[in-house]
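Read the single chain below, which is given as structure tokens and is the form predicted on its own.
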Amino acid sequence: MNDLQDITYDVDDGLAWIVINRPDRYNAFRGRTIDELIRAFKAAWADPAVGVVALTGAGEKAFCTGGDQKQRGETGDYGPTETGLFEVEALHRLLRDIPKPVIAAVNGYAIGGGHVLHVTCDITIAADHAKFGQTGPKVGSFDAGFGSAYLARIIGQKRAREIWMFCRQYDAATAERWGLVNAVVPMAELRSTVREWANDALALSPTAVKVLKHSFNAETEHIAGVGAMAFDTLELFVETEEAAEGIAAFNEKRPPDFQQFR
């Protein structure tokens, strides 16, 4: 794992830590970040010394706040990538397909695309100051795949629709009560708690855990097709004036004016 700029990758006694390392942007991701995350998860998949993967963000302010809207405002996209594609959909697939438990260690804001990342992980452990929510409809974007349909499987239709249709933020206690996170702990105990959970998983049969993960995924696998259609639609939507108003309002720190598009 060489030439990493946006993330860090370390393996400690069976547990791989993947850290989004852009605290100056609240760990928002650009194209390069997604490329590096994919490389890291594939490395963890291929490494027999790794049995559990933890995903978190640098610092104590943010887990991940989704796509880098400043980058999008500057260039109209999320910056250059290795393939020329912005492969966030492939990252979602990888989080589900890697045959090892993936724990999201939410150390602050899990917002927008960052919220989708934690939803797609197998387990979420949150610091008690963490915040959860969606921003897509505020900034001219959406995730109509795993970020919405799978979210509804986790917390129910009414609450999932509330999260997406009103773009509110929720504290860690609420997220735990809704079943959106598995445990809430003080920030000082977040890493040690992830370590404890990882140790429990590492003591189990890796083949049994792998097959179980695939079995859990099978029940919602059809969402991948919906997600592919949604991302194709999103590529068209982001070129519209409506989407442009969302990103302009975000970067200008003002409320968006979508009234003209109703």
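Heads up: residue numbers just count along the shown sequence, starting at 1. From a predicted model like this one, the values you see are computed outputs, not experimental measurements.
FYI, the form predicted together with ligand S0N isn't displayed, but the following is about it.
Put simply, Trp45 is far from ligand S0N in the predicted bound form: not one heavy atom of it is within 4.5 Å.
Contact annotation for Asp68: at least one heavy atom lies within 4.5 Å of ligand S0N in the predicted bound form.
Proximity of Gly112 to ligand S0N in the predicted bound form falls within the 4.5 Å heavy atom cutoff. Proximity of Leu37 to ligand S0N in the predicted bound form: non-hydrogen atoms within 4.5 Å are absent; the residue sits far from the partner.
Contact with ligand S0N in the predicted bound form, judged as any non-hydrogen atom within 4.5 angstroms, is confined among 26 to 34, 50 to 58, 190 to 198, 205 to 213 to 26 to 34. Every residue of the trio Val88, Thr135 and Gln169 has some heavy atom no more than 4.5 Å from ligand S0N in the predicted bound form. Residues Phe231, Leu234, Val238, Phe250, Lys253 are the members of 231 to 262 with a non-hydrogen atom no more than 4.5 angstroms from ligand S0N in the predicted bound form.
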